[in-house]
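Quick setup: one chain, the form predicted alone, written in structure tokens, and binding and motion questions come after.
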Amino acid sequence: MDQKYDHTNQILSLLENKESINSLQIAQETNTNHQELVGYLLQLEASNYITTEGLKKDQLVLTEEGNTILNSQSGEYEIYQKVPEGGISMADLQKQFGIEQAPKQKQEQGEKKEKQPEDPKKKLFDLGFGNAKKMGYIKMEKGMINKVANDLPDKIKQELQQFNEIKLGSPQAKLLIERKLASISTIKYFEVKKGVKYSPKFREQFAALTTEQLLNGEWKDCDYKSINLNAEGEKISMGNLHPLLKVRKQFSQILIGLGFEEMATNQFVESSFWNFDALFQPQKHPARDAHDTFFCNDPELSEEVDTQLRDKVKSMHQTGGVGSIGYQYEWSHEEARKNILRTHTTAVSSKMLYRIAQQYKEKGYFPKKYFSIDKVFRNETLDATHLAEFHQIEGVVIDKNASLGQLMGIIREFFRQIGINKLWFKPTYNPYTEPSMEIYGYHPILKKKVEIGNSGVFRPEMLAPLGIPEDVNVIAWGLGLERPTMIYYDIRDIRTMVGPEVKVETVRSNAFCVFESK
């Protein structure tokens, strides 16, 4: 029989006529290493042959020095043996232990005495000599060392020979611990009892029924392991969606459900023309300053746009139109061609409006609703709530009847579907929308109003150069993706959500983000 079954059967046999037995007794009776025995106990417990309860107790164990004395003699007894009947001087006794007396050096007046390193042999000798006096082996008389009596036994060795009978807390145990010949060690062991499937002999349990067992009939005499339906399956090595991606997906689904089409946003590098000029944002606007915008070096300038469109935008900036006087400054073609990392996704919306206007010339006007969710870039100072790159969500509605009231209704419905019902609108200024509104919502954690977006009606000065007819209105709104994600996942510092401080385990374990309408 396999050796492991020999051991398991020995354990079961010892338990047959007893209510319980501890693992230390089993190890002693079966002459088995206790650590190895624990493996057999776990196997039997898994098969319900036994049950175990973890126990522990303090035990006195010999140190390395204690074992050395047990097999030889104690240091104090060795000193005792070296003392002759007529006595011996300290210097002569030390010589027997290989300790030479250091010559005395004359010290000059005012000279500092150097401390000599301690001789390890002398240190051990001094310890043994002191213990020999304490144990009553030797005594000092008129500068000579004499034995107290002849033929005294090695008391320490005698104590160690009776080590297994010494109890914790006894004077003998305290003496050995003080001498560092023994120490207290905590021993962990098990109390073993019969389990629900106990049997004096172990029967191997098979994990599965095999074809061979069915054919030869062995299955009739076999035991099979029960199936643990609550056991977790093996973890699959796979990618995990970041919280931002989960929220982005749900926002997309909500907007698609409201009839919006998604715009293509896969162009991070944009020309200043589409990012600023086409939006009727003046070239001297602070947002174009290098402190807010990332400018590109290679290529520094973008390709030319349609010359007719360029001239219309230039004219609107310099002299105005559609009832506006413009900004009355010299518009720079080179400034408009500068490549940048887009600062908002409205650059995508301006291109889309231009394409819609071209389609209108061919097929006539038809209402459209678009949205975009993607990265934008600002030259911001990084802190707990700001990043240099973040996501912007933008919605655009193109319709002859589009109005501020319709814009407020769409915004209320979108936020209602992500569970925010308390909204406030505040008039504000934007270069390319008029009227414009900031959107505020009630923050349930901070217990106050917080700004959650911006909105407005695109200005005629922006729409006319793009070719949008005067009787068509365009309403738009936008918000960030990071802040709602931080609220729903209770993330206090945005730097722990993206970048090098992201914890992979957090990405793996974050919950599905589900927005409930209230």
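Numbers follow the displayed sequence, beginning with 1. These numbers were taken from a predicted model, which means no experiment stands behind them.
Omitted here: the form predicted in complex with a small molecule. The next part is about that form.
Which of 254 to 262, 307 to 315, 389 to 397, 239 to 247 has heavy atoms within 4.5 Å of the small molecule in the predicted bound form?
Selected stretch: 389 to 397.
Hey, in the predicted bound form, does Tyr432 get a heavy atom within 4.5 angstroms of the small molecule?
Close contact exists here: in the predicted bound form, Tyr432 approaches the small molecule to within 4.5 Å, heavy atoms only.
Decide whether Arg378 counts as a contact residue for the small molecule in the predicted bound form under a heavy atom distance cut-off of 4.5 Å.
Contact check for Arg378: yes, within 4.5 Å of the small molecule in the predicted bound form.
Thr30 near the small molecule in the predicted bound form, any heavy atom under 4.5 Å?
No.
Residue-level question: is Thr346 within 4.5 Å of the small molecule in the predicted bound form, judged on heavy atoms?
Answer yes; at least one heavy atom of Thr346 falls within 4.5 Å of the small molecule in the predicted bound form.
Of Gly456, Pro460, Gly66, Pro484, the one that lies within 4.5 Å of the small molecule in the predicted bound form (heavy atoms)
It is Gly456.
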